[in-house]
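One chain follows as structure tokens, the form predicted alone.
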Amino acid sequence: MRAPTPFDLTGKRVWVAGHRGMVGSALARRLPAEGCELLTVDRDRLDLRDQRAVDGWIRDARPDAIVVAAGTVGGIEANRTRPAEFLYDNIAIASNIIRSAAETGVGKLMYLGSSCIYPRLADQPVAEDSLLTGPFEATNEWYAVAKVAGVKLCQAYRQQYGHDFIAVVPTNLYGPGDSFDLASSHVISALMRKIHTARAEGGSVEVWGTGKPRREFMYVDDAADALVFLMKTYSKPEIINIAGGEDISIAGLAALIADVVGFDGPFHFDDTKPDGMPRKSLDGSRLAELGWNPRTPLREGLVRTYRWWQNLDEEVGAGVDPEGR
């Protein structure tokens, strides 16, 4: 039977799959305020690509609710050079968890999609019903295909069996827990690292592309709050965007990060590198109508992120493993 709305998290056992990642760790910070029991498992104990292992862990842990925030992620270069990984890993993770949740009668499941599932040239801001109305952006199509498969699997289990499985689509996120490895990082963490290094060592900062594309960004702790809000209040087959952040050009973003870091040197925009989508901003009107809006301005979020990364660098330098292992 489909669970009623609202879904009260009080006293529930909630598994956050991917709790070490940026979104998962933000959820791990946010969920205890709901009076629920947080369930986690490290990837060295459970390979989410292994169906039998996932089945066994869910049966033993008995979660009442699951948030699927796990996945193989990265920026344009990671997507370009590791297409098989991005496609296989993300399809396997989604299908294994969603199937096991259905088989074991988990009361609620939330699957995190990605804004890259929308068409490259979708009308802006991108509304939920534009899904699959045009081709993907080529630089991240492998990840997009896998994420669409996860969304559709949630919808299929809801339609065929009545499970309360929902899919949400966050806008571009940043904040504590993000990767600052240039081989796999997203735009904010990559720019922050490059600008920080240039401030310390001198020289210019290389920025991929023309700097003209525009992106919307939301602080990850705001997104975690939205996820909890939707977990409790949303129960429909249609996907819903988590949006309402600030829209800015990549050049403007670089300048803003430079101000936060304290860098006043030059930028070099390498237009031989791909820009990605010309603009990517999501329509957050459905979420706003339900009564939720983000609270953290972009500059404030960047300041918090930079402070977190600097503290993390100090901990790693002192021999502390950032993943707590």
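Just count from 1 along the sequence shown to find any residue number. These numbers were taken from a predicted model, which means no experiment stands behind them.
Keep in mind the form predicted in complex with a small molecule is missing from the figure; the text below concerns it.
Heavy atoms within 4.5 Å of the small molecule in the predicted complex belong, among the stretches 224 to 232, 98 to 106, 124 to 132, 183 to 191, to residues of 183 to 191.
Remark: Asp283 does not count among the residues lining the small molecule in the predicted complex, judged by a heavy atom distance of 4.5 Å or less. Among residues of the shown chain, Lys147 is not one whose heavy atoms approach the small molecule to within 4.5 Å in the predicted complex. In the predicted complex, none of the heavy atoms of Ala92 sits within 4.5 Å of a heavy atom of the small molecule. Although the partner is absent here, Thr171 is not a contact residue: none of its heavy atoms lies within 4.5 angstroms of the small molecule in the predicted complex. Proximity to the small molecule in the predicted complex, taken as a non-hydrogen atom within 4.5 angstroms, holds for one residue of Gly75, Gly244, Gly71, Pro176, which is Gly75. Contact with the small molecule in the predicted complex, judged by any heavy atom within 4.5 Å, is made by just one of Leu153, Leu87, Ala198, Ile250: Ile250.
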